[in-house]
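One chain comes next, on its own, written out as structure tokens in the form predicted alone.
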Amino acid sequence: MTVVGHEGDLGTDEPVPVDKAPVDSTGEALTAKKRFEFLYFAVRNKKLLIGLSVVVLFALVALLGPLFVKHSMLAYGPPFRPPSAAYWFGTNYFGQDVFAEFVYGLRESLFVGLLGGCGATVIGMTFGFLAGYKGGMIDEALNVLCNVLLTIPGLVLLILIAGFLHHTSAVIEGLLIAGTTWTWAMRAIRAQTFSLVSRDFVGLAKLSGEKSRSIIVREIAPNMSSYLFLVFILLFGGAILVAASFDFLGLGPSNGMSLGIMMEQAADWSALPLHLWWWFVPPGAAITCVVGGLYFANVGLDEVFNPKLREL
């Protein structure tokens, strides 16, 4: 993946050269001209607009959908009803309104994905900045921890942890995902930090007596802002997929509803053999569209941030 001033894959562990970013007296890495340039290319990038439109559409459905729900998610009505004016997404095996389940399931899936993505980004940034800036024993210790976690598949680790929990909520699920998906982000941010530590403006900050935390927050992080945002988008989409897989295995919240739980219930009660396509198609299509939209937005932002990829 490439962004402005960054060349290479996010998964690489090699330092990547960063173009010099002008830093003004307030410490901002992006000047007003650069912000205007970003907006100019952003509104003209079709991939970015399509991706954001899809994600915003489903976010609005999750936020405003409850206003249009006609039946309670727990209410029982006529079973096996196909989509109609009374039941927009039909009813399931038990006569429950699939649209109501979809709206609240979409809301919880986005919440878990957002919590997991934000948490993983914060952990990856903290460890990545610390390892890249400090180096030495701290870097080696964090690398050992990262390498150990990388050898264990994240979903397997989640299943093992879930086996010791008596109750799983959406918040706990999001935090578990954050704690198991930050490793590659840490390695990528560490590599970028290595390349910035040797820059002149960091050296001047050290000579002026600034503390390490201040240098990372005011000097290094702003020069990686676009890179960090792309990392968050990837972690957000990945968290949604991990949560859906976790819920589909029956390990998700027992007192809630999510897109993964909808698909798990549809599989358990033979929705496919019974030709109840309206039970499993909406959640599957929503997961595909949201994750696909995030991917399109990520590619579009990559082109906007990187002048070499821009389409004039």
Partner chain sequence: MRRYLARKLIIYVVTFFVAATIDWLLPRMVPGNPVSLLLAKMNLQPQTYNATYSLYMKAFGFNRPWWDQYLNFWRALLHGNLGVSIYDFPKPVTSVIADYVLFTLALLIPAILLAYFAGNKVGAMAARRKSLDNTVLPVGYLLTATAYPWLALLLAFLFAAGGIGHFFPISGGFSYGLIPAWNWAFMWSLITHWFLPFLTLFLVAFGGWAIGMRNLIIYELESDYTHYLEALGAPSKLVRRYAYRNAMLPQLTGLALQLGVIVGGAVVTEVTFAYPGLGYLIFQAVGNDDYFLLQGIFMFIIVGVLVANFIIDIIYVLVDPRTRVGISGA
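Residue numbers count along the first chain shown, from 1. Keep in mind that what you see is a predicted model, and the values were worked out from it rather than measured.
What comes next is about the form predicted in complex with its partner chain, which is not displayed.
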Answer yes if any heavy atom of F248 is within 4.5 Å of a heavy atom of its partner chain in the predicted complex; otherwise answer no. yes
Could you confirm whether L272 comes within 4.5 Å of its partner chain in the predicted complex, counting heavy atoms only? yes
Residue-level question: is L301 within 4.5 Å of its partner chain in the predicted complex, judged on heavy atoms? no
Hey, in the predicted complex, is P66 touching its partner chain, heavy atoms inside 4.5 Å? no
In this chain shown alone, the residue from A75, V171, A86, L150 with a heavy atom within 4.5 Å of its partner chain in the predicted complex is L150
Which of these residues, A267, V61, A42, I50, gets a heavy atom within 4.5 Å of its partner chain in the predicted complex? A267
Could you tell me if all three of A244, T288 and G292 have a heavy atom no more than 4.5 Å from its partner chain in the predicted complex? yes
Within 4.5 angstroms, counting heavy atoms, which one of the listed stretches 201-209, 95-103, 78-86, 160-168 is next to its partner chain in the predicted complex? 160-168
Any residue of 49-83 with a heavy atom within 4.5 Å of its partner chain in the predicted complex counts; write them all down in order. none
